[in-house]
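Next up is one chain by itself, shown in structure tokens, the form predicted on its own.
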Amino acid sequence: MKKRGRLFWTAVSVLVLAGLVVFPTMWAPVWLLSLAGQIMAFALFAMSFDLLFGYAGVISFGQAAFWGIGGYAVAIASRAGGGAIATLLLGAVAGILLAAALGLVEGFILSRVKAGYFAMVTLAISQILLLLASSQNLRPLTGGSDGLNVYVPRFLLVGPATYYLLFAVLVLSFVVLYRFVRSPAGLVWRGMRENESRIESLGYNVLAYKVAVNVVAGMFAAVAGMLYMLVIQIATPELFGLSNSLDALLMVIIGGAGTLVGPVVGAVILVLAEHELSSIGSSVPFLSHWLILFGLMFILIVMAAPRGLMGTLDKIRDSI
């Protein structure tokens, strides 16, 4: 029975991927491709947070710092090179390296403070970056509070080419993260989540593993921020805002922490819910406070599936 259940979910996964591949070749207006692109960018962002929260048991309120670093790196590079591919690639590499450096710093902080304090430290770092991006003194570089327009080659304007690029990066990132969490390092991260003292007593260098998970998560969050720039094509200081970090947390909780697929499902639900509820709220007077509806929806999902949607499905699958 369990083998039959695995075959069923494998078939479902193949059908979903096939549908996503042919999606742009069907009738798909630009606004729908743009929405799909935002979902994919947020899905990767949520997966990076799941690596911290779901696998290593680390709570961060500043994951948006890496998201913003990636976005601004691409925006600054695009302006410097007029949207040339080579310059965009250099900006992407610079963004990933900066994210890795910040992850290294935060990793050392993580090893020296308690979990709750670390969450507040990451929040402080993201807010500092937000203030720097908004600063008029740095306006020539960051655009100040107005932000920066992102210049991309014509073929990368929102359409099938951009969709396939984001889809390819998302799938590749998922495969890499999947290998990470099932590697010996991934087992140590999960052990740290359950009992850090026990892992340390077994001779593992907890400091090194904490730094590593923070660096890896930060780098993938930066890549997600870069993908987001290809869709919305403007980098603003709000990229570093707390709301983006909380969105990642909600996506992971809704979809299921420690699953990798869960954050993708959570991103689909969250982005679509925000899009649809805000649209309804703008046209129906008594639904203008659409965030209330969103909050109620989130409460119902958590009550019905405490382990997240994918966590609950995994439980059902294991029982088949």
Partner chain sequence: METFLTLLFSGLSTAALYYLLAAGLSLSFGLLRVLNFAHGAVFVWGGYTGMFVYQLTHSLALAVLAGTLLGGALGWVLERTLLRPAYGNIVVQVLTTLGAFYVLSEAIKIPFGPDQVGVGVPAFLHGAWMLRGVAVVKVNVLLVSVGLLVWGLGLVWLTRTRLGLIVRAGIDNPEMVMALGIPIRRVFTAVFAAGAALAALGGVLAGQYFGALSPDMGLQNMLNAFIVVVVGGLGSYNGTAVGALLVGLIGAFASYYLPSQIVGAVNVLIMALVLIFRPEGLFGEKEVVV
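Positions refer to the first chain, counted from 1. For clarity, every value in this text was computed on a predicted model and none was experimentally measured.
A second form of this protein, the form predicted in complex with its partner chain, is not displayed here; the remarks below concern that form.
Participant: Heavy atoms within 4.5 Å of its partner chain in the model of the complex: which of the stretches 77-85, 216-224, 236-244, 161-169 has them?
Facilitator: Heavy atoms within 4.5 Å of its partner chain in the model of the complex occur in 236-244.
Participant: Assess the spot marked by A101, N149 and P153: is its partner chain within 4.5 Å of a heavy atom from every one of these residues in the model of the complex?
Facilitator: Contact check failed for every one of A101, N149 and P153.
Participant: If the cut-off is 4.5 angstroms on heavy atoms, which of these, G203, G116, P140, P184, is the one near its partner chain in the model of the complex?
Facilitator: For this set of options, the contacting one is G116.
Participant: Considering non-hydrogen atoms and a 4.5 Å limit, which listed residue (I199, V211, V231, L123) is close to its partner chain in the model of the complex?
Facilitator: Result of the distance check: L123.
Participant: Whether M303 contacts its partner chain in the model of the complex should be assessed with a 4.5 Å heavy atom distance threshold; does it?
Facilitator: Heavy-atom contact with its partner chain at 4.5 Å: present for M303.
Participant: Does the 4.5 Å heavy atom contact test between V21 and its partner chain in the model of the complex come out positive?
Facilitator: Judged by the heavy-atom cut-off of 4.5 Å, V21 is well away from its partner chain in the model of the complex.
Participant: Can you tell me whether S173 touches its partner chain? I mean in the model of the complex, with a 4.5 angstroms heavy atom cut-off.
Facilitator: Judged by the heavy-atom cut-off of 4.5 Å, S173 is well away from its partner chain in the model of the complex.
Participant: Spell out, yes or no, whether the shortest heavy atom distance between V16 and its partner chain in the model of the complex is within 4.5 Å.
Facilitator: No, V16 is distant from the partner.
Participant: Going by its partner chain in the model of the complex, which residues of 45-69 come within 4.5 Å of it through any heavy atom?
Facilitator: If the 4.5 Å heavy-atom criterion is applied to its partner chain in the model of the complex, 45-69 yields F53, I59, F61.
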